[in-house]
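Quick setup: one chain, the form predicted alone, written in C-alpha cells, and binding and motion questions come after.
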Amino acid sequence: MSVEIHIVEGPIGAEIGRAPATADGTAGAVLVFDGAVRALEDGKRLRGLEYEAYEPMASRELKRLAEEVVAKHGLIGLACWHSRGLVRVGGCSMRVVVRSGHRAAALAGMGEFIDRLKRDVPVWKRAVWAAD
C-alpha cells in the first residue's frame, strides 16, 4: 500500500503524477483524475479559483482519508496533489492517481476519495470573477 499527499502552490503541472502502472505489473488499473477550473460558476464568468488549505491539518486529513480508502478498496496506492492559491480557468487544481489490481476497485476508490475530500477535508475555494 502506498499513499502520497502533496499540497502545491498554484496549478498542477502536466508532468506531475503521470507515472504509468507499477513497473512490477501488479496494477491492472491506473486511474488519473484531473480537476480543472471551469470558466463558469452559476452562469457567471470566472477568472479562476483561489484555494486555501488549513495546514498541517489538510495534509493530515488527506493522508488519513487516502489510507482509509486504500484499505477499504484493497488498492495498491493512491496519490493526491491539491493546489493552494490561485488556479486560473483551464488549470488543474487537483490530481488523484489510483492504482489497483482491478478496475472496479479503482473506480470505487477514486469516487469515494473525491467525494469525501470535498466534504471532509479543510480546503476551501473562493471564486475570482472575470471583469466584464
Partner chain sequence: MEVRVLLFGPAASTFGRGEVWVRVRDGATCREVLEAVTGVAPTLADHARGGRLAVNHEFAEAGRVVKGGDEVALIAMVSGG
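Positions refer to the first chain, counted from 1. Keep in mind that this is a model prediction, so the values were computed, not measured.
Unshown form predicted in complex with the partner chain; subsequent notes refer to it.
- Remark: residue 9 does not count among the residues lining the partner chain in the predicted bound form, judged by a heavy atom distance of 4.5 Å or less.
- Among heavy atoms of residue 13, none comes within 4.5 Å of the partner chain in the predicted bound form.
- In the predicted bound form, residue 118 approaches the partner chain with a heavy atom inside 4.5 Å.
- When contacts are judged by a 4.5 Å heavy atom cut-off, residue 64 counts as touching the partner chain in the predicted bound form.
- Site residues 56, 60 and 125 are all in contact with the partner chain in the predicted bound form, judged by any heavy atom within 4.5 Å.
- The stretch in contact with the partner chain in the predicted bound form, judged by heavy atoms within 4.5 Å, is 46 to 54, chosen from 101 to 109, 65 to 73, 46 to 54, 24 to 32.
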